[in-house]
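One chain follows as structure tokens, the form predicted alone.
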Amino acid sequence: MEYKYSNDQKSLTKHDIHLVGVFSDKKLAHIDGVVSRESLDNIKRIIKTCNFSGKIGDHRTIDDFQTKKQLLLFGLGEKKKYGPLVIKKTLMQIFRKLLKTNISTVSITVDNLITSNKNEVTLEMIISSVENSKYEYKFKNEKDQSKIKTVSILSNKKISSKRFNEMLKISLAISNGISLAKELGNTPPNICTPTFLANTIKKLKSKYKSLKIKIIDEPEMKRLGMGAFLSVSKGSKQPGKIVIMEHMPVKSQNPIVIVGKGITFDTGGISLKPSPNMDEMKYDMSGAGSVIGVMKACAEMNLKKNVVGVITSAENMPGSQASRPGDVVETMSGLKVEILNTDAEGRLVLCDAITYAKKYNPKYLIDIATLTGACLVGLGKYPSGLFANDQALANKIKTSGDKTGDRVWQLPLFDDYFDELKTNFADIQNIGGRYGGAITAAAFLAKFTVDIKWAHLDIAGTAWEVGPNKGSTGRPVDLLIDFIRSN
């Protein structure tokens, strides 16, 4: 789709349909002058007689006989609750419906949509939300049916063409990063293997010259002493890989390092998972998918920040070479780990990658992982779990979560949880007790981060949706990009 910006309200007549957001107070001052006086009076009557509530999800299509075009009023809910979550959800629902029609040109008034308060809604966010609505999983044998060619942004505020093009570039980069993360998450596990992820990254490298990549294969892992990672990958015929993506345009700037868990399929290993919903374990690489999406976006927008993405990719399978409960392995850090549950494998691949990533002397290190079902039980499918060894870092992540609507909720890392990881047979065991599993998993990772500013995002509840809309969400790409741009 082509995006245009105009403060000429007369351009409304050039479009098939015009979108107007209305809060539950039903005030229409923002479209005074957009439509004719007769049409405005007609809209007021229709709102009253059709009982248009302005609630989220409510919409009415109205013919403007003066311009011979259609208006689509859509509800924004209460003004005090309006923010990123509302606008993203609303625009994506509307455009997904419009994309199935024969409409080719759309315009939207944004003056009452953009805010500058705590729940900030930006033009970039609006464009990326519209663009995100286009995403469909590409592996299906269906052609793109979208007929929308142009989306025009109408506002009373003047913006130079240069500034709008800059904002558009950023918006599309964010959307493309989210779409890539979704596509990787939705790809079947017989296709999306560790090698497939590595090849995907190689293709990005050929497109974006700012990216440098390094692939660490299993023989090099063995040389580096990554016994924890290898204990997971050795059960599968698919060789594990760690892939490093560097976007380092600024000299003498410590990078932000993001590390993603990339278990392309998680059977649980010898500690086999129950069979119901096991197909969803293809999403266990969503942390890695989000990192790849972020790195694509950073390169595409030519971001002047140093960022390093680390992908920890393996397949967790049972087999004659698979790890057993009771095995003890040595990590790259030198700490020895007793494996009591082979389904607690994400922390094993991550701990070696975190140790390796310290070589970059990161300003911040954030790992992203579908780490524990316990996080889903505790928080549901709305916020991601947040853990950190530095409160200032945690606060920055929470700010980005609020700004983007990609919410997080911080959980504690009290010393008591670390006590649950003690064992008689190694330095640390890979699971805690029955309760607080998300926290003891984070505590395990924290043992490898004592000398860096570190945060962990558990996205087990937020990385994919179930039900009729089953599929990858692309979270937390939006949050991470905002964090990197802001810090």
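What you are looking at is a predicted structure, and each value in this text was computed from that prediction instead of being measured. For every residue, the number given is its place in the sequence shown, counted from 1.
Same protein, other form: the form predicted together with a small molecule, not shown, and the subject of what follows.
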Practice item. Name the stretch, out of 321-329, 345-353, 119-127, 230-238, where some heavy atom lies within 4.5 Å of the small molecule in the predicted bound form. Key: 345-353
Check your understanding: Just one of Leu371, Leu91, Ala357, Ile292 has a heavy atom within 4.5 Å of the small molecule in the predicted bound form. Which one?
Key -> Leu371
Revision key, fill the gap. In the predicted bound form, the residue from Asn156, Thr101, Asn165, Asn341 with a non-hydrogen atom within 4.5 Å of the small molecule is Asn341
Review point. Would Asp266 count as touching the small molecule in the predicted bound form under a 4.5 Å heavy atom rule?
Key: yes
Check your understanding: Is Lys381 close enough to touch the small molecule in the predicted bound form, meaning at least one heavy atom pair within 4.5 Å?
Key -> no
Exercise for review: May I ask you to state whether Asp406 is within 4.5 Å of the small molecule in the predicted bound form, using heavy atom distances?
Suggested key: no
Exercise for review: Indicate whether Leu211 is a 4.5 Å heavy atom neighbour of the small molecule in the predicted bound form.
Suggested key: no
Exercise for review: May I ask whether Val337, Ile439 and His456 all come within 4.5 angstroms of the small molecule in the predicted bound form, judged by heavy atoms?
Suggested key: no
